[in-house]
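Single chain ahead, written as C-alpha cells, the form predicted on its own.
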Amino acid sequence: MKDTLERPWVEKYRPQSIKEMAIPQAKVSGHRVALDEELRTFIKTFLTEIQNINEKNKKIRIYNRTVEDKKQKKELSVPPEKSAVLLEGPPGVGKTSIVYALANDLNMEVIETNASDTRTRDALESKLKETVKSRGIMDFIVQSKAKLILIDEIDGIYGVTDRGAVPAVLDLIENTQFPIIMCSNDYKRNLQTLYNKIRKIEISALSKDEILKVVKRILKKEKIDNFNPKDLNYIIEKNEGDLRGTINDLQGIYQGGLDTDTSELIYQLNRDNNEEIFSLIRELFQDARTLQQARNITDKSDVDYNFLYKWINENLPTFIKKTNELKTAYENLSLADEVFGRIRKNQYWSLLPYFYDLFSGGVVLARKYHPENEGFRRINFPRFTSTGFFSLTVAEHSFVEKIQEKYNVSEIEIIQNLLPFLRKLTSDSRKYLKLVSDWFDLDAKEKKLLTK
C-alpha cells in the first residue's frame, strides 16, 4: 500500500487515555477549570443521578397505575444542565479526542454522530433517539458498557421550530439515559436556545510547547530522528494551535521525503490549497477514464482525503449532468461514506483504499458521457470546509438574506434545498424566473445564482 494510503497519524496516535493527552486550557463562565476533571465529574454525576431518578420513576409508574389520571404524578428527569455539556473551541485542539480518551478510562462506549450530517429533526432523531432513551436487548443479557453520547459539529445545525434539529437535540437532552457531550468550533447565535439550557466549556488553542511535546513523541515512535528543529517549529507556528493540522503536515512532510528542501516543502504544503484542489477536481472528472487513472490522480495529491471527499461531493452536478449517471455517482459516494464510518468506528484502516476508490474512481467512472469540447466548468467550494465552517459567496449571502426577509428558513436549508429547487423551477421557464426574481427582489448577481 502506498504511503498516502497508510493509516493517518492523527488516528494512529489518537490518545487512548487522558494520561496521553495534551489537555487544552478551558474556562466555564470565565473561570479556569481543569477540562479532564470537569468532564469526569459531569459524567459521574449524571450516572449517579440517572440511577436515582430511574428508581424513583419505577415507584411513580407503579403509583400511577393505581390512581385516576388527574392524580397521577409526573416522572422525573435529570436537569438539562446536568445531562449535557458543550465543548466550544477551535478545530484540532482535541475536543473529540478527549471524549474518546475519557470514555476509555471510564470503560464506556461512545455513540457518535456528526450534527452537520444530520441537520433535520427526523435525521437526528432516527440516529440517536432510541440509543439515548433505551438500552439494547443485549444489555439485559450481558453486562454491557455504559454509553456516552457524542454529538460533533453541533454548530453545523440551524433549527427552525417545526423541522429543525435544535428542538430534537433539546428533546434528547431532556429524555436521555446517558450523558451527552457536544462539540462546536464556533458560537452560533441560532443555537442560543441550546446554550441557555446546558453547561458550556470554552476551550483554547493548545500552546506551542504542548504541541511540541506531542509531535516529538510521534517522531520518536516513528523512529524519525533527522527532522530539523527549525522546520518543526515552522510547522507548529503555521498551524496556529491546531494539533491535528500539525500532525497531518508532519506526516505529509515525512512522506514527501526529508532529503528534499524541507522548508520549501512546508511552505508549499497546504491541505486546503485552492489551486491544487481545482486542478485535481478537473483532472478527475475530465481526464480520468479508468479506476487506475483516478487512483494515480489522488495518489499524487497531498490534499487531505476527508477534504477531497467534500470537494468531489460539492462538484458532482458541475460535471455530471445526466440523471442516471448522477444517481450512480451519489450512490457510490454514499457507499464511500459508509465505508469510512466503519473505518472510524472499528479502526479498519485497511479499508481506506476502498474508500478512495469509491469516492474518486466510483464517482468519476459513473460519468459515461464526455463531450469533445467541455468548455470551462466552474469549481465550487464545498459548503463545509475541512474545519467545519460554512462558506458562502457575497451573492449567496445577499440571496439568503432576501429569502429570510420573507420566510423563516435557515441558511443551510436555503443553500442546500431551496436554491436547487428554485434553479430547477426556473431553468426551463423565463416566466417563473421573472416571477421568482421579482418576488425576492433579486439583483443581477443574485438572479445569476438561479441560472447556474
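This structure is a prediction, so every number in the text was calculated from the model and none was measured. Position 1 is the first residue in the sequence shown; the rest follow in order.
The following text describes the form predicted in complex with a small molecule, which does not appear among the structures shown.
- You can rule out all but one of 335-343, 316-324, 94-102, 172-180: in the model of the complex, only 94-102 has residues with a heavy atom within 4.5 Å of the small molecule.
- By the criterion of a heavy atom within 4.5 Å, residue 205 is excluded from the residues contacting the small molecule in the model of the complex.
- Put simply, residue 244 is close to the small molecule in the model of the complex: some heavy atom of it is within 4.5 Å.
- Contact annotation for residue 365: none of its heavy atoms lies within 4.5 Å of the small molecule in the model of the complex.
- Contact annotation: residue 90 falls within 4.5 Å of the small molecule in the model of the complex, judged by heavy atom distances.
- Screening 191, 281, 214, 288 for any heavy atom within 4.5 Å of the small molecule in the model of the complex leaves a single hit, 214.
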